[in-house]
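Taking the form predicted on its own, here's one chain by itself in structure tokens.
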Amino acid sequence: MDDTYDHIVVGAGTAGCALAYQLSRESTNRVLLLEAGGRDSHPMIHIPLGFAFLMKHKDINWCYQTEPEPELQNRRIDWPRGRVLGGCSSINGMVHIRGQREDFDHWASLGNRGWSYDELLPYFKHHEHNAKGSNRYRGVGGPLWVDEVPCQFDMSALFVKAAIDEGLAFNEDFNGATEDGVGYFQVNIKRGRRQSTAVAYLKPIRKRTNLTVQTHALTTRVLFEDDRAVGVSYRHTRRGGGSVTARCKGEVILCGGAINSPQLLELSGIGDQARLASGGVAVKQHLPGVGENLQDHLTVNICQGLKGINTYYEEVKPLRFLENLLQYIFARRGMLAFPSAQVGAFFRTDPQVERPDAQIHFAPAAGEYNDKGTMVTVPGTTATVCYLRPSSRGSVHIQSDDPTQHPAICANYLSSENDRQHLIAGVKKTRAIFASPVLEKHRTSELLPGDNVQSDEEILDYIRREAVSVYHPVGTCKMGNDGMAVVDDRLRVRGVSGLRIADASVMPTILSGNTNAACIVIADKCADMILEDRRS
């Protein structure tokens, strides 16, 4: 089967849905959107607290793992990635954070024109509908709903007070003038339902006749004529796996994310020529930066035992859970309407640091494994802390020319002393918040890491044993103009034409916070550049 389109978007995830929405607004543009996974029909996708059931669900999740991490006791770290319409926005924690002004200004300082904070702020405002209304930083009228969490637990307010007692300022809006301080997260939840980009961008336009969406379509390579991308080859994984060719008159845009986009480039012959040759792939374009520069946030839990205050422990007891279920069914409220974290904090791990370099995700819940290896809730609460600007760098590379084989992911967590020291400091600060007099009457023993862990060496050992990913991988097809850059500042893949990338892989450096909102902005800006170039 052969068909021809104006644009082919590979990956209907966070960025891909937003990009297809923008490109197909012009009725003369025929757009094909390819997704390796299926439709977002699983009910747990749309119930906010259902994210906890999706982390290992192989039908809607790539269920990646890293290679054994040398600095984490050779553990393989789980990297869930969405394989479903909406991608990671269909399985993430729904926290809406843009990042710090300086993050984007740094991108621009590297020579990426048009990527400063002031230049991107209109995109952030344009894509959202903020339930609190518009101001200098917030937008209304956009496709993506941004709201606050109603009916907070009392423990959430106490944690905010404890953080203020420890010296943090209250921050009403992490996406406003500054990210600094403690406050309540904004979330992508609308009236108790997840707002993925599949819901916000794709669902309203499914009747556009110029947009074709193919699910269960695994793209195996980009097709070239000379040095121009002219289409893709993909397999229908639910229709016998037959190969399909789709051609385009305009451009192919990869939106597979920090793992799948470099994988597809290498499968298509774009990458380090020696690596490609060893994997049996014919070289189309030597780009040594493909798959390099991998960055991610590593996080570790601080779990505090509690008494005399409500947490998830009480809410999941049979009768109370039934009440929560009924409340959600009839009012879309209660525990089931909560995101992964309700409260956030951004702080400095060292007074000499100019801006916040650590983040806390807080939830009034704690758990431990029982004798059967099953996680059960316990009376307590959790603050998970990560260092926001790690200097450790990893890689993602294919292991063969088989597109169904997962690539090798080497995060190289904690490979720098800088990262180790800052994360230790983050643990200490989080513990200090839990030690505040504000929590005196409710505090019991520390569940994790435990009172026996006190010295820096003991804290680092705990981190090595227990730290996990925050699921923010970026940077593997970085934007720039140096020898390791994969795309230029218009997101065009270097050395070829007709091929762009619009996802987290193009970020030259990781953001100081969650990455979902910025991925949407990257897609929006990419669409504008594509349409500008087409008109000119």
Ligand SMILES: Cc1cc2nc3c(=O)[nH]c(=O)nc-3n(C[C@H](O)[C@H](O)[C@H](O)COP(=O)(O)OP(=O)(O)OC[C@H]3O[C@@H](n4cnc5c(N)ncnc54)[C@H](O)[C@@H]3O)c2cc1C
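Owing to the predicted nature of the structure, the values given are computational and were not obtained by experimental measurement. In case it trips you up, residue 1 is the first one in the sequence shown, and so on.
Heads up, the form predicted together with this ligand isn't pictured, but that's what we're talking about next.
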| request: Report the residue, out of 219, 268, 430, 299, that has at least one non-hydrogen atom within 4.5 angstroms of this ligand in the model of the complex. | output: 219
| message | Considering non-hydrogen atoms and a 4.5 Å limit, does this ligand approach residue 163 in the model of the complex? | response | no
| said: Contact with this ligand in the model of the complex for residue 397, defined as at least one heavy atom pair within 4.5 Å: yes or no? | reply: no
| Partner proximity in the model of the complex: residue 426 to this ligand, non-hydrogen atom cutoff 4.5 Å | no
| Applying a 4.5 Å heavy atom distance criterion, does residue 34 contact this ligand in the model of the complex? | yes
| remark: With a 4.5 Å heavy atom cut-off to this ligand in the model of the complex, the contacting stretch among 409-417, 379-387, 250-258, 176-184 is 250-258
| query | Heavy atom within 4.5 Å of this ligand in the model of the complex: which residues of 442-469 qualify? | reply | none
